Ligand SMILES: NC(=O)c1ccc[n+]([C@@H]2O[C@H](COP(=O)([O-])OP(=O)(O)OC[C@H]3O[C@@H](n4cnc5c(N)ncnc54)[C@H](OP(=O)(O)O)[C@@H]3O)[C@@H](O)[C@H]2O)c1
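Quick setup: one chain, the form predicted alone, written in structure tokens, and binding and motion questions come after.
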């Protein structure tokens, strides 16, 4: 399965501003429009529990899109489950991806959190990274990945300037050697 990590960061690599969970308070309209457009085109969206909690009010369920939320406690979310639209899973990324692949999914957007992104990188599951770079410095905030030893080799495929302020969309291929 092809997995595209889709994230937005500040220039200093923060995916959140300080301890705020709602990124739409600081991301540009152009990034938000790009994000909305992309998630409407994909049939599988994967995220961590914290990302889900931050975005759940904005998630619109549809039989055309499966939202998979990784959590260590899927039983806490049983009342929210809508099979084929919103599912909560616990387990290794590779096992969950294999099960989704068996269900016929061929491509997914990984919408992170740093814990989930790190696990997917460690398992060499990420094929592409689409990173919106916003011209801000926050100093404190969550990161794209955890502070662990990783050695992920990426090759730049394209750069798109999204606005006059300098918001950039960078697309990378993940080299799996």
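Here the structure is a predicted model, which means the values were calculated and not measured. Positions refer to the first chain, counted from 1.
Not on display, but discussed next: the form predicted in complex with the named molecule.
- Residue contact with the named molecule in the model of the complex: residue 12 places no heavy atom within 4.5 Å of it.
- Although the partner is absent from this view, residue 108 stays clear of the named molecule in the model of the complex, with no non-hydrogen atom inside 4.5 angstroms.
- The named molecule is not drawn, but in the model of the complex it has no heavy atom within 4.5 Å of residue 42.
- Heavy atoms of residue 167 never reach within 4.5 Å of the named molecule in the model of the complex, leaving it off the interface.
- For the stretch 111-150, the set of residues having any non-hydrogen atom within 4.5 angstroms of the named molecule in the model of the complex comprises 111, 112, 113, 114, 115, 116, 119, 142, in sequence order.
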